[in-house]
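Read the single chain below, which is given as structure tokens and is the form predicted alone.
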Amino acid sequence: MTVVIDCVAIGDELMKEIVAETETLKAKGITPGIATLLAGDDFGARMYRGQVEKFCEEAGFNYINENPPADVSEEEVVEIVKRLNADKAVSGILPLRPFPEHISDSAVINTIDVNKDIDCFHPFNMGKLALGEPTFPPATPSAVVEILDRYAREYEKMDPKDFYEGAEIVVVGHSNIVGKPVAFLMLNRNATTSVCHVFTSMKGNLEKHTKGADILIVAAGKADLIGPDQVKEGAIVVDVGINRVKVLDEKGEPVLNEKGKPKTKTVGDVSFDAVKDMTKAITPVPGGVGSVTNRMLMKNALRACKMQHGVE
């Protein structure tokens, strides 16, 4: 019987662990803190900023909001980062992109103190990740690992080390944010790791790779990319995609809301209903990897805080 992995429960359990660890630090006079940097008023970035603030409040973290106007100069943004680097109340710095066009990502990211780079944006930390050295793994890829670790312990009754070693893992998507780093994390766990992407699909080779996966991690950003023809019977499927699509009726026509506009719903990159029953385990969308992602960011901030204060 298929296990639909309860990522919401995993996220809730993680938050309990984070709160307990934060209280232990506070008893020593140390409070973790996250600073977000949003230049301008991008809607998506603003929504994410609100989530980070909410989780900081829930965990008992300090929260600092840096939100200069969209016409702020690149030099001024760099100075804000330098100030946050020096602020002992800030354990981690989270730049929220996209930046306005006149501000380069690299100018901001390369200024962040590598010990406060809690989402692994800095090339130094990404290089350490590729080399398998201790660093702050990006939040979404590390959420994938956390979900699989807990699944291995609870359902497979295995040490995660044994769960990954030699397993055929296929990652669909090669973005710098999810695909590449999650592949590095799997390689670092001695999995046999393949990475597919749009060019794999253009050559007609996607199914050849995905059908061989014991664990299939999909992070391509394309709704219903993976159907039953692309999945091996008994595979474990982790769907990282989040896509908004129109709700269609039985005739394939858009369903309208009370204002006469098409209704939409959130779906993943995997056709969940079509694939679910042939898998050993699968993560849903919504209520999947995203439920764990922000907690992993908090875990990185906790680790950064302990490093900065010399606490084991």
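Since the model is a prediction, treat every value here as computed from it, not as a measurement. Numbering starts at 1 and runs along the sequence shown.
One more form of this protein should be noted, the form predicted together with a small molecule, which is absent from this view; the next part is about it.
Proximity to the small molecule in the predicted bound form, taken as a non-hydrogen atom within 4.5 angstroms, holds for one residue of 97, 208, 174, 82, which is 174. Out of the listed residues 125, 193, 111, 140, 140 is the one that sits within 4.5 Å of the small molecule in the predicted bound form by at least one heavy atom. Contact with the small molecule, judged by heavy atoms within 4.5 Å in the predicted bound form, is confined among 270-278, 256-264, 242-250, 27-35 to 242-250. Contact annotation for residue 185: none of its heavy atoms lies within 4.5 Å of the small molecule in the predicted bound form.
None of the heavy atoms of residue 11 is located within 4.5 Å of the small molecule in the predicted bound form.
Taking the partner from elsewhere, residue 215 is found to have every heavy atom lying beyond 4.5 Å of the small molecule in the predicted bound form. A residue is said to contact a partner when one of its heavy atoms sits within 4.5 Å of a partner heavy atom; residue 115 fails this definition for the small molecule in the predicted bound form, lying far away. Contact with the small molecule in the predicted bound form, defined as a heavy atom within 4.5 Å, is made by none of 16, 60 and 92.
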